[in-house]
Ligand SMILES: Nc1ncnc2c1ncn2[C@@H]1O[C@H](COP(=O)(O)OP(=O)(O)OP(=O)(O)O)[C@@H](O)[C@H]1O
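Here's a solo chain for you in C-alpha cells, the form predicted on its own.
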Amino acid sequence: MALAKTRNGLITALDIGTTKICCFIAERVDDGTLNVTGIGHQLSKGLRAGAITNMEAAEQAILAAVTSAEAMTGETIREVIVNLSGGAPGSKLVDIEVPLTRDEIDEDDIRRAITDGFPYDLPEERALIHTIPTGYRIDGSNGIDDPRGMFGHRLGVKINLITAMESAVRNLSVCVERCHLDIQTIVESAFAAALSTLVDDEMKLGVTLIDIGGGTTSIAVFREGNVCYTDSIPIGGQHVTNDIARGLSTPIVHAERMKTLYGSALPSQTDDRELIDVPSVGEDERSQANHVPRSMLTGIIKPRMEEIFELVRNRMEASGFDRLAGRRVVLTGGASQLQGTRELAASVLGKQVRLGRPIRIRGLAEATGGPAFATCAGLLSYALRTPPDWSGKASTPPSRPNGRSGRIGQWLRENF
C-alpha cells in the first residue's frame, strides 16, 4: 500500500496518553522502512483515563512534546497520526453478503457489497474509528484474503467496526488542532501497539495484545493476520500509583518512584526483611521518613494488577474471543514493565505471556525502545500499511458522517 507523507516528506506519530505524551518523527529509507529522526516526550497534563479533561493543559503538553521532536529533526511538522485510548473504544463484527453481477470480482463489486449490504448503524454517541475487513468469502468458501480477480456468484465480507465515544474523539481532535496540527488519521491505541510489537506468525495464529497504559488497559485480538476484537478497561498504571499513595500516605511523586524502583506484582521471600523509606504527605522531605517493609508495597500493588488481568479475562470470555485468540498473550505499555507482571498475567489468564517491544521501526534509542513507547512506534507502523485516504479522517471535526450512507462513504474512503 502507498505510504502517506506530510508536506516535507516526514511522517509524525503523536501518542497522547494519560501519563505521558510522545512524538516520533520519521523518514522513509530506501528499503521501505521508517527511520526515526526526531523524538520528544513530555509528562501528560489535562487527561484522565485517556480522555481530555483540561483542554489548555493538554494543549501545552502536546506542544512541548512536538517542539522537542521538531528541534531534534530540524523540521517543522504540520500533520500527525494520533492515537485514541479514551472514549471507551470497542468493536463489533459485521457480516455482509451480496450477489455478484458478473463473473470476475473487482473493486466495484466490493464497493457495491458495502453500499448494498451495510446493515449496522452506530448509536448517535459513538464515532467510527476503523472499518477493517477481517476476511472475505465467495459462494460460502471462507479464508479468502483478497477476492479481486476471482470468480463467484455471491461475495461475503466480514468487517470489524471499531468505535469510540464521539465526545472523546471530538475533544481529542480539537485539542490537537489548537496546536496548529492537522490530523491525518486517528488510530485505536491497542491496534497501534500491536502493529509495532507483534510478529507475523502471532497475528496469523492468534494472539491477544494487552496494552497497560497509565489510565487505561487496551485489548486487541488478532487472528488470520487481522484485528478482530478490541476493548478497553479504564484502569492502568496510574491507579497502582494512587493506591500506593493512599495506602502508604505518601505524595504521588514518591509513590511513582517507589513503584518503579521497588514495586513488584508478586511477593518474594526477602520482602519482609527489606525496608523502604516512605516520605509522608505534607511533611518536609528532609525530615525523617517512615520505614515500611517491601512486602507492604507488594501487598498494595498485587491486588490492583490482579484486578486488571481478571477484568481482561472476563471481557475476553464474555466476547467469545478467549478461545479464538489462542494461548498467546503479549504485554506492552509502561505498566507492563513492573516486576512480576508477566508471571502474574500468565497465572491469571492461563496463557503464555511475553513482553512486547517495538520491532519494526529504526532509530529508536534504548530509552525510547521499550514497551512504554510501543503505541507511538505503532502509529508509524500504521503509516506503512494504510492507503493514502487515511481512516479516521471522516470522523474528525467539523463534520460527522450522518446516517447509513455517510458511514458507508467513510468505509469506501478508507479502503479504496
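The numbering used is simple: start at 1 and walk along the sequence shown. Since this is a predicted model, take the numbers as computed values, not measurements.
Just so it is clear, the following notes concern the form predicted in complex with this ligand, a form of the same protein that is not shown.
A heavy atom within 4.5 Å of this ligand in the predicted bound form is found for exactly one of T208, T241, S196, T230: T241. For the candidate set P279, G334, G135, G90, a heavy atom within 4.5 Å of this ligand in the predicted bound form is found for exactly one residue, namely G334. Using a 4.5 angstroms limit between non-hydrogen atoms, Q184 is distant from this ligand in the predicted bound form.
Looking at G214, you'd find a heavy atom of it within 4.5 angstroms of this ligand in the predicted bound form.
Contact annotation: A113 falls outside 4.5 Å of this ligand in the predicted bound form, judged by heavy atom distances.
Using a 4.5 angstroms threshold between heavy atoms, A372 counts as touching this ligand in the predicted bound form.
Of the candidate stretches 313 to 321, 71 to 79, 254 to 262, 123 to 131, only 254 to 262 contains residues with a heavy atom within 4.5 Å of this ligand in the predicted bound form. Although this ligand is not shown here, in the predicted bound form the stretch 35 to 57 places heavy atoms of just one residue, G50, within 4.5 Å of it.
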